[in-house]
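Below you will find one chain, with nothing else, as structure tokens; this is the form predicted alone, and questions on how it binds or moves follow later.
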Amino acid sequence: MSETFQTPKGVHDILPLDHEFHTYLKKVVRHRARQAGFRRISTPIFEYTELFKRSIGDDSDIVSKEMYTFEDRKGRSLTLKPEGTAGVVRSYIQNGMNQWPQPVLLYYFEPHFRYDRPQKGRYRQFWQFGFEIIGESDPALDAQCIQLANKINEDLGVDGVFKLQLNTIGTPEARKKYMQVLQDYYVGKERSLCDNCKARLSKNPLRLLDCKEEDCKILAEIAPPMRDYLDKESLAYHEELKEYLDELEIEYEENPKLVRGLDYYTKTVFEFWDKENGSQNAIGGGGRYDDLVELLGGQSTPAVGYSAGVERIIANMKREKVRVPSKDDLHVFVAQLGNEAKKKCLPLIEELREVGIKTMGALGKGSINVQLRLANKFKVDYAVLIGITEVREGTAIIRNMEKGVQETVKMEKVTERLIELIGDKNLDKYSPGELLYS
């Protein structure tokens, strides 16, 4: 016997029950995005590696350790996208979106890839949704981006689990001065740092502030505060943002150690942290990236965005016992006995499906009782039974599977009767045009 295959480490199948959560989450995101004027974008699963090196930063953990990078047949370096913003900004520049009405509001819901250590809620292929507002700098836009994320958390029933963490990291110029202050502070303390932080100290000292190792956290707590070295404009911007959040009645916690792991952020940064487990169970975050468009070859263009991990949100929905509506449950199972009955079943099944009755049947050659047991396994509300007698008389039996009662109706009346029994509001019906707005 051949050896059976397993998924590679760090990836997993999305089985039907989890797809119910995915579908629900995607519909909530799409609904809130449309309300706010966002339009969906999809960027390629892989991009030129240099895009991520330039945007995320050579010294970031993502670029230095976590990217899936490969060469194509012409020796060009390509990378499976580890995050969504860089590709969206590349598309903004490439497709001349600076000529569109500004700001440009885009959202995505896509898979991403990082060679990360697999653990609960963290995978090597993972789904994220995100929002990008490109083309305008205004703390009111930052507030609206945060409000959109917060509203989605409420819709999904996980808002009570998480609290907004908020900080400002200022301009790159101010941050550069502060990084020198940090490096000076850590002189002589290197032996207390974890191996990762020892490497970060010379390359990206800001990341030492959000290390999760206990000794590193203690040193970070007593490090010189960033706020003392930030520019006045960024501090004023931050104060205005907080006023808008207060007006929106969005609770937040000032977190001066929050820096995010990507080099392109400026001014506003924020994350949603678990109220009990902190950053270990963060579900999403974002911030302002006013220099990224120019860094990637476009004109100077301010922007702000947010992204969230789908698997992490679903794990917390399950933790909170959130029930999602399912449209996958079947209404009717059509059972038949004999080839002539099966011939009658096939057009009936098609007719039922066309009016929105979710139907399966006309399977195999088992007895009616065997098929009814199968119908019970699929938890249908009704079964339609067609045998030799029903074919001869032009009738069918409709059986209520819960109550065990049944009635005989003319074949041409089966669909009409099932609509009455199931209820028009429970049917899964649409026209192709309506799909665009569902």
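Numbering starts at 1 and runs along the sequence shown. Given the structure is predicted, the values throughout are model-derived calculations rather than measurements.
Keep in mind that the form predicted together with adenosine monophosphate is missing from the display, and what follows is about it.
Mapping the unseen interface onto this chain, I283 counts among the residues with a heavy atom inside 4.5 Å of adenosine monophosphate in the model of the complex. Put simply, Q128 is close to adenosine monophosphate in the model of the complex: some heavy atom of it is within 4.5 Å.
In the model of the complex, none of the heavy atoms of G356 sits within 4.5 Å of a heavy atom of adenosine monophosphate.
Adenosine monophosphate is not shown here, and in the model of the complex it never comes within 4.5 Å of any heavy atom of P256. Exactly one of the stretches 116-124, 346-354, 188-196, 230-238 approaches adenosine monophosphate in the model of the complex with heavy atoms within 4.5 Å, and it is 116-124. For the marked spot (R260, G309 and R312), a heavy atom within 4.5 Å of adenosine monophosphate in the model of the complex is present in each of the three residues.
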